[in-house]
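Next up is one chain by itself, shown in structure tokens, the form predicted on its own.
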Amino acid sequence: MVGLRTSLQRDKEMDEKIIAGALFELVRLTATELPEDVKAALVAGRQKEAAGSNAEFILSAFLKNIEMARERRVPLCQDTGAPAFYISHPPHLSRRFLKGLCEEALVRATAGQYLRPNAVDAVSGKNSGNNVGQGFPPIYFTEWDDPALEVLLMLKGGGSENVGSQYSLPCDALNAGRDLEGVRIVVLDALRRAEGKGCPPGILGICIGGDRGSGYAESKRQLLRRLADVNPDPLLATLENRLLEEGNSLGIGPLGLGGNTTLLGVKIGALHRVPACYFVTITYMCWEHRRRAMRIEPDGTYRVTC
């Protein structure tokens, strides 16, 4: 791995070419290879389906698709998704500088056909052609004391994005009050409404509280968690497990065609709220949960961490 330009600059900024190359590799890898925990969850789901069933056949096709995409280094899905970056950076690195490098990586990946052009002007309907546009991609920055740079990328397809939802509790129509039982009721309602439209088996990212905007942002951020992690809040950990079990008992199954595997995971976060509002926000992720993380060290070396 090429080092930085000088030892003095090494403590102040990372080499632009190194970061640009690392970000392009992050985009390419995210578009073409699923994380190991997602593949393992799909394999486990297939084992729970009846031999010869539609569900077993569909999950087997998914797993074959994953291997073919990896071997051929091509996108996992024709909808290569909307990119979202989550960046933790040391204080001296300019956010404008990092934003430019993220956009450069997307332009390069689009030209290399790892990404489909997905950035469309909402007024004119014109596609930018390179996955860069107004507010596209969203980039979320966090400053930290670590000298390294950490970048997480999520590519989220439009089908799963369309079935996200938000509820305001109490919800009289569902008899859902302002408590965790009410949260459980509305999440299962959202899952039933999504049926097969979100390309199940899916993963649910959920936020309890916040305002309408922060709830959606936090619910999507929950999808960055590994499937096997345990929520540090015991009440939320219990609710995650219960929703996973009850969601898989609905019989929706892969692609909504029936089966035991409707969900691969449920991840819940909570934000403080104002007394007048109690929002529950659900972000749905399809079975192709394309998310990756990369750590770039001050000496220019980098590694994929998930």
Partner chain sequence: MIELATPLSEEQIRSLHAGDRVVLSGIAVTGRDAAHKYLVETLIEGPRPLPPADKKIYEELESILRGGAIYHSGPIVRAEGGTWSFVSAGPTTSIRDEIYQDKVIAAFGVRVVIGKGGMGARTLAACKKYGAVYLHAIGGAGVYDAASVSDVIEVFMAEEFGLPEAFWKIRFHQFPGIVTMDAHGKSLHDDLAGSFDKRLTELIRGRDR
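Residue numbers count along the first chain shown, from 1. A quick note: this is a predicted structure, and the numbers were derived from the prediction, not measured.
Below, we refer to the form predicted in complex with the partner chain, which is not included among the displayed structures.
Shown alone, this chain has one stretch from 274-282, 22-30, 257-265, 41-49 that lies within 4.5 Å of the partner chain in the predicted complex by heavy atoms: 257-265. For a residue to qualify, one of its non-hydrogen atoms must sit within 4.5 Å of the partner chain in the predicted complex; none of Arg96, Lys156 and Ala270 qualifies.
Residue in contact with the partner chain in the predicted complex (any heavy atom within 4.5 Å), chosen from Ser168, Gln113, Thr142, Gln134: Gln113. Among Leu76, Leu106, Leu223, Leu149, the residue placing a heavy atom within 4.5 Å of the partner chain in the predicted complex is Leu76. Among residues of the shown chain, Glu36 is not one whose heavy atoms approach the partner chain to within 4.5 Å in the predicted complex. Contact between Pro117 and the partner chain in the predicted complex is found at the 4.5 Å heavy atom cutoff. In the predicted complex, none of the heavy atoms of Asp211 sits within 4.5 Å of a heavy atom of the partner chain. Put simply, Ala122 is far from the partner chain in the predicted complex: not one heavy atom of it is within 4.5 Å. Applying a 4.5 Å heavy atom cutoff to the partner chain in the predicted complex picks out Ile58, Ala61, Phe62, Lys64, Asn65, Met68, Ala69, Arg72, Val74, Pro75, Leu76, Cys77, Gln78, Thr80 from 58-91, in order along the sequence.
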